[in-house]
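Below you'll find only one chain, the form predicted alone, shown as structure tokens.
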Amino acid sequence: MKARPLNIPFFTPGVWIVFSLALIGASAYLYRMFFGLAEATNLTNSYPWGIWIAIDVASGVALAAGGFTSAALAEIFHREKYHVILRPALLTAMLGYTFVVIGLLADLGRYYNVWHPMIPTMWQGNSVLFEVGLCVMAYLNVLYSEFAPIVVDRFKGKVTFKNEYLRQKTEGLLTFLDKFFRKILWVLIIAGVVLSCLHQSSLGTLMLIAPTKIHPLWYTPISPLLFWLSAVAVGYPMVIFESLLASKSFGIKPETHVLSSLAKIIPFTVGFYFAAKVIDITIREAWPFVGEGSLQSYMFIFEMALFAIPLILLTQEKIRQSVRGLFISSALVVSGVVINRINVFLIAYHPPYTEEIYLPSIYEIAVTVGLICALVLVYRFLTINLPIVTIEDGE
């Protein structure tokens, strides 16, 4: 078994639909860039963030956690059998963070100043957003450096320039890069895990500055811990979810035995997060809010159910050995984290003394859908043309 490019066509009827949605999203994105936030969004001074932060950024960062959790499992803990899922997980993380940044640019009023955190004289050590921005920027560079050996692997030994001198020099450069990245890979892996843990938790820290604006079911001093635990909890389910979807799309056999083994870990990671939420609610004596009959209470119950159901399902061997069981269980955890981010940043957030509510504009929805579709297209293109998916020789 070896990772290699896939011999399948890029465009299919389904891909054309995704491509069309991506074009619509790109048009809405350009409209926002040219005409500003006021024209393209329903954001206000009371509601300064919307679905671009809740879904495109907060959810996107969490769902990209499969990159650092898989790297830690395969490289740091030396679980060799999980190497087959490492490259797809790394690609998902790299594209996830790339499109998070693209989505963030749309939400920034002065997006052309996004480079400011790179200048030491503009640093603000007391700002949580500064720490998040710096970590995301650094981790994105780490992800591209981790992905570079895959590109080198694709072209090493396959250079076909007619000019012999140019061919030899190119091969020499690829050989050097291959050795270089192999030597520093362990540093990149550790840096990626550390940086991910830092900004995953810091996204939860953002909410600590708004105690009067966040519903008691979600406002908690341990919000940074809960955000980190939820990112760890969704890491492996996202890898399984992405792997099964990709296998179905590419018409290849899924690595069921590896995914089933990976699923054994999920009850522990999800269980820790679920237990932390229950203990937190109990200590803060917030259980009465669960039964108050409000939108917030219903959404909290829905969120918790999305974690409780797969937590129970994946303790059963027959579910872990079933492709359908794996897909449904992992999809529930992924949905649970997305709903959690939507709950924290949108449902739970309500400034006092304001009667208005936030509903996303058609442009905000189009940009969000377009970014997701564009990510899928780039994932498909890179997977077809680079050695990312490990398949058996007979396939």
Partner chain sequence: MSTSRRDFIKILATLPLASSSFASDGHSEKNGDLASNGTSYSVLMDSTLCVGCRKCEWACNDKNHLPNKDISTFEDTSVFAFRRRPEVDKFTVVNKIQSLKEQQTIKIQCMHCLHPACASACIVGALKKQECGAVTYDADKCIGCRYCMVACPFQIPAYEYKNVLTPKVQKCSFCVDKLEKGEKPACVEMCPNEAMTFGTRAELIEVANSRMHQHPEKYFHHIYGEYEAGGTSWLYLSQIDLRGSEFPQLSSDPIPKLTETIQHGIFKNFVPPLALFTLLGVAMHSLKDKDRD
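Keep in mind the model is a prediction, meaning the values are calculated, not measured. Positions refer to the first chain, counted from 1.
Same protein, other form: the form predicted in complex with its partner chain, not shown, and the subject of what follows.
At least one heavy atom of residue 80 is located within 4.5 Å of its partner chain in the predicted bound form. Although the partner is absent here, residue 123 is a contact residue: one of its heavy atoms lies within 4.5 angstroms of its partner chain in the predicted bound form. Although the partner is absent here, residue 113 sits close enough that one of its heavy atoms falls within 4.5 Å of its partner chain in the predicted bound form. Interface membership of residue 44, defined by any non-hydrogen atom within 4.5 Å of its partner chain in the predicted bound form, is confirmed. The putative spot formed by 254, 311 and 331 is not touched by its partner chain in the predicted bound form; no residue has a non-hydrogen atom within 4.5 angstroms of it.
The contact residue chosen from 324, 183, 318, 162 relative to its partner chain in the predicted bound form is 183, the criterion being a non-hydrogen atom within 4.5 angstroms. For the options 305, 76, 166, 283, the residue carrying a heavy atom within 4.5 angstroms of its partner chain in the predicted bound form is 76. Heavy atoms within 4.5 Å of its partner chain in the predicted bound form are found in exactly one of 285 to 293, 148 to 156, 271 to 279, 127 to 135, that being 127 to 135.
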